[in-house]
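There is one chain below, alone, in structure tokens, taken in the form predicted alone.
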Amino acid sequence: MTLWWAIAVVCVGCYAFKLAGLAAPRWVLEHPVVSRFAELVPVALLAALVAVQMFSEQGRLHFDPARTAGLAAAVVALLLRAPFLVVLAIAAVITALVRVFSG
């Protein structure tokens, strides 16, 4: 039951944070520092999420060659400006192929 209370508190906090963002005056949002921060934070958070998912398993540092190959293929596809669904498909196919051939 404690976990559900924690989830509810986090949900309320996130919603309040979102409302605070909507209620912020326009001059605050148009400040160059705030604008730059808003541009960079999502990229940093997503990169951190990918890194954690790539190199951890059960809370420990773990190297999975198949996932790493899939990520490398996705990076190459992104550099070639492939559409997002194509990037996902390439990463999935490469990951599956490495898993099949590595046993």
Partner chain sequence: MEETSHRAAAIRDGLGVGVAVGLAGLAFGAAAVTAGMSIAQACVLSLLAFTGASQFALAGAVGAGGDLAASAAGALLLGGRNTLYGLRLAGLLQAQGPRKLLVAQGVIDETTAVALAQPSPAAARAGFTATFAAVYVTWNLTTLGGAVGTSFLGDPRMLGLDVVGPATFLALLWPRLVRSAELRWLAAGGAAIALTATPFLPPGVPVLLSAVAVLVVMVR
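Residue numbers count along the first chain shown, from 1. In this text the structure is predicted, and so the values were computed from the model without any measurement. Rigid core here is just the name for the largest C-alpha set that superposes within 1.5 Å across the two forms.
Not pictured, yet referred to below: the form predicted together with its partner chain.
The partner is not shown here, but in the predicted bound form the stretch 48 to 63 reaches within 4.5 angstroms of its partner chain through a heavy atom at Ala48, Leu49, Val50, Ala51, Val52, Gln53, Met54, Phe55, Ser56, Glu57, Gln58, Gly59, Arg60, Leu61.
With the core held fixed, Phe84 shows a CA shift below 2 Å between the shown form and the other one. Core-aligned CA deviation for Phe37 between the shown form and the other one: 2 Å or greater. Superposition of the core reveals a Cα shift of less than 2 Å for Val93 between the shown form and the other one.
Pairwise change in the predicted bound form: Phe17 and Gln53 C-alpha atoms lie closer than in the shown form, at least 3 Å. Compared with the form shown, the Val10-Gln58 C-alpha separation decreases in the predicted bound form, the change being 3 Å or greater.
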